[in-house]
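Next up: a single chain in structure tokens, the form predicted on its own.
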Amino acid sequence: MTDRPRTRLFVEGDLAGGAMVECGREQAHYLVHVLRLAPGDPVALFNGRDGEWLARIDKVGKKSAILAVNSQLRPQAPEPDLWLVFAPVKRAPLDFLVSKATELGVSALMPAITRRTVVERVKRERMTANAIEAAEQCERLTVPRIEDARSLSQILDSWPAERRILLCAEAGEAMPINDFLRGADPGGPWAVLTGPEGGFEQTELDLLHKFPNVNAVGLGPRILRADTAALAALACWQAVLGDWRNRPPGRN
């Protein structure tokens, strides 16, 4: 297998042998002025559809760069279908949460406005940028879908019946998360749902428990911050039901 370059870029266009891909101003600046790359240097490209491809910088201009696609490094592979539905937190913790959730393999990030949510304005463009950067660094072949913030009730109104919800509960009866996951069916789509710092209100919990596929789980004896709870639950799910048994690409 051809060695993959250290530099990876997410692109929107189709990837195939012989294709020419144009990078915009920001990516061109990153390649030329930050990484100090020049024509002929290798770059790995991925778009979430066509796998990962080896490309080389062909031309560099003031506002763009052209990359020539050579050969496929990795084919597109299936990934776990795991959503994260979360009450948004403040800017710095949110940036961290989006980046780490991307590394943990979520397929979609869905900010949910609850009754106790303090932060109501979420910049989707900033979340997308953080997710792309994390995907480039962690060798994912996809970037998670980023949705606009909606109320929890709006999200539940359109909830797919087959998608199970792992509800991270701070109080009430809830099975320890690993005990529940070890007995759960690994197939099908899942979602992790976490609330705000103050937790869900009882009316929201009542609404959630009406859904047949909601499973309340506990995250241990300590009260976790909202972003910590989300990442802890994602890690537990990946360890028991996800793809953590797979080795990183290209490593023996």
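So that there is no doubt, residue numbering starts at 1 and follows the sequence shown. Everything numeric here is computed off the predicted structure, so don't read it as measured data.
Same protein, other form: the form predicted together with S-adenosylmethionine, not shown, and the subject of what follows.
Trainee: S-adenosylmethionine isn't shown here, but in the model of the complex which of Arg36, Arg225, Lys210, Arg49 has a heavy atom within 4.5 Å of it?
Mentor: Looking at Arg36, Arg225, Lys210, Arg49 one by one, just Arg225 meets the 4.5 Å heavy-atom criterion.
Trainee: Heavy atom within 4.5 Å of S-adenosylmethionine in the model of the complex: which of Ala134, Ala169, Leu141, Leu109 fits that? Just give me the one.
Mentor: Of the listed residues, the single hit is Ala169.
Trainee: So, Asp58 and S-adenosylmethionine: in the model of the complex, are they within 4.5 Å at any heavy atom pair?
Mentor: Because no heavy atom of Asp58 falls inside 4.5 Å of S-adenosylmethionine in the model of the complex, the answer is no.
Trainee: Taking 4.5 angstroms as the cut-off for heavy atoms, does Val32 touch S-adenosylmethionine in the model of the complex?
Mentor: Looking in the model of the complex, residue contacts with S-adenosylmethionine do not include Val32, since no heavy atom lies within 4.5 Å.
Trainee: Classify Glu197 as contacting or not contacting S-adenosylmethionine in the model of the complex by the rule of any non-hydrogen atom within 4.5 angstroms, answering yes or no.
Mentor: Close contact exists here: in the model of the complex, Glu197 approaches S-adenosylmethionine to within 4.5 Å, heavy atoms only.
Trainee: Residue-level question: is Leu45 within 4.5 Å of S-adenosylmethionine in the model of the complex, judged on heavy atoms?
Mentor: Outside the cut-off, so no.
Trainee: Which is the contacting stretch out of 181-189, 197-205, 59-67, 37-45, given heavy atoms within 4.5 Å of S-adenosylmethionine in the model of the complex?
Mentor: Going through the listed ranges, the match is 197-205.
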